[in-house]
Ligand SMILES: Cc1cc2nc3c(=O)[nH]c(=O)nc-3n(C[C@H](O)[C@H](O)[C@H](O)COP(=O)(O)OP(=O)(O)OC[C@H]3O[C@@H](n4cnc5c(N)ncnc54)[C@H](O)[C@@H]3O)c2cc1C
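Only one chain is given next, in structure tokens, and it is the form predicted alone.
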Amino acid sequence: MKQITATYIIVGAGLSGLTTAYALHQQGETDIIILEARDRIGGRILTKDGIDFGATWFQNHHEHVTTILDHLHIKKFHQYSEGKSVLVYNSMAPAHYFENDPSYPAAYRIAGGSLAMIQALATIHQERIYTNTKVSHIEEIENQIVLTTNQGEFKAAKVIVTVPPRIASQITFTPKLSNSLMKSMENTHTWMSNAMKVGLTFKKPFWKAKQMSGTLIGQIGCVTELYDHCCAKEETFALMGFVNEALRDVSPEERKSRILEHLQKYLGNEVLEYLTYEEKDWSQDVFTNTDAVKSIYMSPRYGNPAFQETYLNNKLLFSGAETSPIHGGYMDGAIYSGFNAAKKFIAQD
């Protein structure tokens, strides 16, 4: 088994991990390795066929997203919302149509999909990212941290763990972390862990031709939220949204049938002329979810102060969207935590 050494090792090649590497690189730190358990980078950012099945939107107050997009020369664009939107509040009543309030804070999407930001961040360290590499043990030995993985041992002077705290709690730490910290990790809800998304692509945006926004909000029914998901250049046309979690208990075939029937009812027969149909159930993603997942219908609390401390004699930091005291659970929180982690370790040198 191989043994590789670096000054910094980052566990997780999601937005926070890659931002940490980017921030360290900006400060002249280049001896960095990133370990990723998945077979891809991005974590809970996942763009397929132009559809964002993970993190998607941000708003004006998410300044860290805007800043990093500017640094990476990636454009943002408004979430399309013109025309009639649909509110489904009673299965026995006809659809209720409403117009979006133009004064409401605008939501933005990332040109090229959220993955464009991930790919740009990863460019600097592409050859230093090890995918399919799951960390099982993190141990302090003298003046180093040794990480045991399914691909061998890695050694570092400093380690930043950026995977969700609940997933990180499955790693064995030596010496043991305090019971209070482990409890905080286990009790921190993982953003997206209970979400199920659906995405459909079409030859043309039929809803726009009907003066509809593509937005459907369902207080009941198969789809709780649906939005226009056409690309920034208007070259690909799609709808994307969230599936009612109750449909997790039926077969994929039955779920698809019900979703299409539901959307057909409220958007029209053109829904059945889709080019591609795909779902992503994050609760079935072992690198996002644990057996302890529970649906959260109120905003979970993120940014536990325990995650702002260093551990193993100042050699270990925790970072990620759930650890951020600013906009926890959002892309903005992930980016903030990435810059913050790099700043803390740089300040030690």
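Don't overthink the numbering: it's just position in the shown sequence, from 1. This is a predicted model, so every value here is computed, not measured.
Only in words, not in the display: the form predicted in complex with this ligand, which the text now covers.
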Check: in the predicted bound form, which of the listed residues (230, 222, 192, 181) lies with a heavy atom within 4.5 Å of this ligand?
Finding: 192
Checklist line | Answer range among 66-74, 318-326, 305-313, 22-30 for contact with this ligand, defined in the predicted bound form as heavy atoms within 4.5 Å | finding: 318-326
Notebook entry, point to check: Taking heavy atoms and a 4.5 Å cut-off, does residue 51 contact this ligand in the predicted bound form?
Noted result: no
Notebook entry, point to check: Does at least one non-hydrogen atom of residue 95 fall within 4.5 angstroms of this ligand in the predicted bound form?
Noted result: no
Margin query: Against this ligand in the predicted bound form, would residue 146 count as a contact residue? Criterion: heavy atoms within 4.5 Å.
Written below: no
Note to self: Residue-level question: is residue 134 within 4.5 Å of this ligand in the predicted bound form, judged on heavy atoms?
What the structure shows: yes
Notebook entry, point to check: Check 45, 171 and 330: does every one of them have a heavy atom within 4.5 Å of this ligand in the predicted bound form?
Noted result: yes
Next item on the list: Would you give me the residues of 152-186 that have any heavy atom within 4.5 Å of this ligand in the predicted bound form, in order from first to last?
Entry: 162, 163, 164, 167, 171
